[in-house]
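A single chain, nothing else alongside it, follows as structure tokens in the form predicted alone.
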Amino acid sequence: MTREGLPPGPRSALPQLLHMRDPFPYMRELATKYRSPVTVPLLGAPPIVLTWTPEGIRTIFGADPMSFGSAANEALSVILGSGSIFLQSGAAHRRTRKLLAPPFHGERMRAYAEIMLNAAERWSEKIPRDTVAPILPIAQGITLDVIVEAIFGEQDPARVAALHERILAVVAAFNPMIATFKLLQRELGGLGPWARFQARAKELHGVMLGLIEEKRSKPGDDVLSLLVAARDEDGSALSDREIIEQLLTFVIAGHETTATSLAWALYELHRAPDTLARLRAELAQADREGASAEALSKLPYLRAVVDETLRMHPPVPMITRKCVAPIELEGYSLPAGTYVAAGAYNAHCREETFPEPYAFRPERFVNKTFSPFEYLPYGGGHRRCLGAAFAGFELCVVLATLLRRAEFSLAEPKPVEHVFRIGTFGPATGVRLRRA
């Protein structure tokens, strides 16, 4: 029997406000108190109907793409631009996705393996010995190096450093408050956070425009060159603005999510000595066999460690869509305009699918696969993350390289909480490790 209206859920948005910094405990609480689906009230925004069963997630991911529009936070347009693939829907989203897909699959993606390996080796030398320090800045340095070289094709150390500086300046100047509240988007005579952010963004855009012109006259084997050369079926090219908006999406979303996942992997491994020992043994065997960077990404237990990390710490714990047509979800008839979400974190914590869900058990991924409605660290359906294969590949190569070149001990006396970062949730402490 189909029921009209929204399913039951909390009456107040106060719990969401209290858990805004780290929503993971609240999501566990929802799964404990309510059956899927549940209506989650939000402050200053329409409620979201959240599902975490395979059946409910299948409904969202398996629906006609035209049934949904992007529900990405409009605040993201401040830093990424309104034309970012994150914010597009319908035909525009399909067009952009088709143009952007080739660099992140097949042989072209695997060609970036040495870039990843070299970046990890360089940055591993910067980790201080016998000193407690967060590993997240090192992980960010590695992933940003990979982005700069693979996306922009930059190899000159001075130009790489300059791009690093401008990208990080934009990230540092981004403030969710000024992005969310238009009232704060005032120049104020060139002073204040909005003016500072605008200035940093303008500098980065200028550098990107210069690189686009360079690639038009002298293309290389990098993602920017492919974007410059990309053509629609009618032969039209991407505009400079479109290229910049997609580049910003790759840079901001790509390096941050991969860096935080790498930090979480090191955190979980160093809380589980037996798991770490098994992984080190696999890596030692690979060394004896002279494994290449690409071969590292195929090691079964290493891959399982990465998959289990993403299960426990999905970069985006809730994948949201806006219904542009009515939809039936787990017995509820929802009208057009309803926001629905696939709860990745809650789906990853279902006892029926993952026994002992709060324990770090990479073995569950060895010689076993899960459906895209049970395991969804990169989203799903027609909006599944374009860089999913690239990110998984990079995580394997970089994690293996760091563990082969250094030994660590964990310096976290308490469990590490999640904290919101641009586009993802990272470790609040940065994961403090001591290198032996």
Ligand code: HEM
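In this text, all values refer to a predicted model and were calculated from it rather than measured experimentally. Start at 1 with the first residue shown and count on from there.
This protein has a second form, the form predicted in complex with the ligand, left out of what is shown; the following refers to that one.
Between 132-140, 312-320, 166-174, 153-161, the stretch whose residues reach within 4.5 angstroms of the ligand in the model of the complex through a non-hydrogen atom is 312-320. Out of the listed residues 28, 58, 405, 384, 384 is the one that sits within 4.5 Å of the ligand in the model of the complex by at least one heavy atom. Exactly one listed residue, out of 85, 340, 238, 144, brings a non-hydrogen atom to within 4.5 Å of the ligand in the model of the complex: 85. Using a 4.5 angstroms limit between non-hydrogen atoms, residue 390 touches the ligand in the model of the complex. In the model of the complex, residue 266 stays away from the ligand, with no heavy atom inside 4.5 Å.
Mapping the unseen interface onto this chain, residue 397 falls outside it, with no heavy atom inside 4.5 Å of the ligand in the model of the complex. Heavy atoms of residue 373 never reach within 4.5 Å of the ligand in the model of the complex, leaving it off the interface. Within 4.5 angstroms of the ligand in the model of the complex, the stretch 354-380 places a non-hydrogen atom from each of 377, 378, 379, 380, taken in sequence order.
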